[in-house]
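First comes one chain, alone, set out as structure tokens in the form predicted on its own.
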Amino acid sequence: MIEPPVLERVLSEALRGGGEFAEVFCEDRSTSSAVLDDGRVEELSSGRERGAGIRVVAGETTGFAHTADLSEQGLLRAAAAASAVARSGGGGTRTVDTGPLGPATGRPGPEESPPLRGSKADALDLLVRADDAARATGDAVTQVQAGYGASRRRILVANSDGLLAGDEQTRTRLSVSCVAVGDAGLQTGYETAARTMGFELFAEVSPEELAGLAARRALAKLSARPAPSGELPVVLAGGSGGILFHEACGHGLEADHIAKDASVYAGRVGEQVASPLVTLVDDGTVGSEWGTAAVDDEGRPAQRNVLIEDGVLTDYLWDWLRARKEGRVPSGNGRRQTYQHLPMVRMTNTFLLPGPDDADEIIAQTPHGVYVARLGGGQVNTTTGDFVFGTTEAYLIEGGRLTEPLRDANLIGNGPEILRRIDAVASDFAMTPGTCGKDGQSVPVGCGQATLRLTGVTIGGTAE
């Protein structure tokens, strides 16, 4: 992408004015996407973006400049701009956009690497198959939208500590959304498959099965009853509740929140913060999960980080900047959306380890409660740990059996309290992909857990 001698000269320019640390982050990203909405092609696009971000740290001030001009001259200008901002002092972070200054002249890679060789025709065929399968589940399915996306991201990171690292990340996803109409009005169902791999994903994932699952979720809600209100035991299906722990617990363990004392977990390393059944891990090396990569966006190797072990808080997640201030080693969690963004500490694949119990037995041993097969979006206050999450597929538990489907409702609670209320964890571990937003940046992440039971969660239902 950029030759090492050029990177060395750019880093020297960045440090020439007295900076303590300099970093060059280069990115070459190719994307393709397609959307089929009710049998019509609504989107069929591809794109490519290349550029570099240069960071300079001087004391408590960070200067950052980004450019789409990958010529040596363009990179040197960006380095000088970032250095000047860092030297201005005053603390904090300041960003300069120095591009585009002209046509990018860095060495491009091939337009498509082998993992992206699924053609536009192949992608459309997947979407048509998904559309047909969803509609075949029943006449009540009136609307179907299927979307395909693929990306190839090559990065190169060099810094003044002598680090030089790179990675190529290929990601592919397929999602299906269905609307069913009945006496209960409009009801929706959604399912997605996403992995850090190329078109070979579809040797493992069937568009028909994915679409059928989304459609059946929508159809089941047509006969759903209002969800109960109040505090009840909740059983989270394997893979379904990972997003809850990502949001309600994971963000509070990111070192920037800890440094600002904006986390309920600040200063609690070594304390019992969860049930002894809980071991929470963040691991960027897990197979082909959505948050997997060889290195993070600061060039540090991805690694396995145990955050809570047998209920005891053991550590936080670290990027380079926060680790430097605390005399720690980065944990491989410095991530950024694109070359135009500064890295910040972020999760990768975050999950609770499985336990010894049987998923069916956990349900059978719950006389009354709610079984959540799928959670939707939510929000959390990292300072207090309070959260609200929506359910998109849930069932009533009566007499240890799943009975009626429930309309969408909210789970309301507190992250640390929820961790303490886990009293059973099964062995049926599963992961789900997601997109994590933080401070205006979005990155792919994985979330996971086995079926587990919470002794009590407040349900914001509508049943009287």
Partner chain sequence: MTAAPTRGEGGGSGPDDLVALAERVAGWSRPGEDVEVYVARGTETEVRAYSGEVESLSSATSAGIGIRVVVDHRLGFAWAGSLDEAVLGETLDEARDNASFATPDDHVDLAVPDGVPAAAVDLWDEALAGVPTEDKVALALALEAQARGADPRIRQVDAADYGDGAVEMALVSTTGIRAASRRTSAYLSVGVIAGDGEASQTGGGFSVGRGVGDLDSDRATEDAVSRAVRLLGARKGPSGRTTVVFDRRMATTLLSVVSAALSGEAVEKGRSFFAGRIGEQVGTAGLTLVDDPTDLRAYGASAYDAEGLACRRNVLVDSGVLRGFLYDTVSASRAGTSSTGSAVRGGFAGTPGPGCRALTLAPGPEGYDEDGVLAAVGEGLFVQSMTGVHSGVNPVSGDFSVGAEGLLVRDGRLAEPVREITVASTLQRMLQALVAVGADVEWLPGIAAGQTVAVGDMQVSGT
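Positions refer to the first chain, counted from 1. Predicted, not measured: the structure shown is a model, and the values here were computed from it.
FYI, the form predicted together with the partner chain isn't displayed, but the following is about it.
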**Report entry** Contact of E200 with the partner chain in the model of the complex (heavy atom, 4.5 Å)
**Finding:** no
Query raised in the report: Does L186 make contact with the partner chain in the model of the complex, using a 4.5 Å heavy atom cut-off?
Result: yes
Query raised in the report: Counting only non-hydrogen atoms and a 4.5 angstroms cut-off, does A65 reach the partner chain in the model of the complex?
Result: yes
Query - in the model of the complex, E404 touching the partner chain (heavy atom, 4.5 Å) - result: no
Query raised in the report: Residues in which of 290 to 298, 376 to 384, 351 to 359, 150 to 158 have heavy atoms within 4.5 Å of the partner chain in the model of the complex?
Result: 376 to 384
Report summary line: If we test each of C26, C436, I397, A409 for a heavy atom within 4.5 Å of the partner chain in the model of the complex, the one that passes is A409
Query raised in the report: Mind listing which residues of 230 to 267 have a heavy atom within 4.5 Å of the partner chain in the model of the complex?
Result: G230, E231, A259, K260, D261, A262
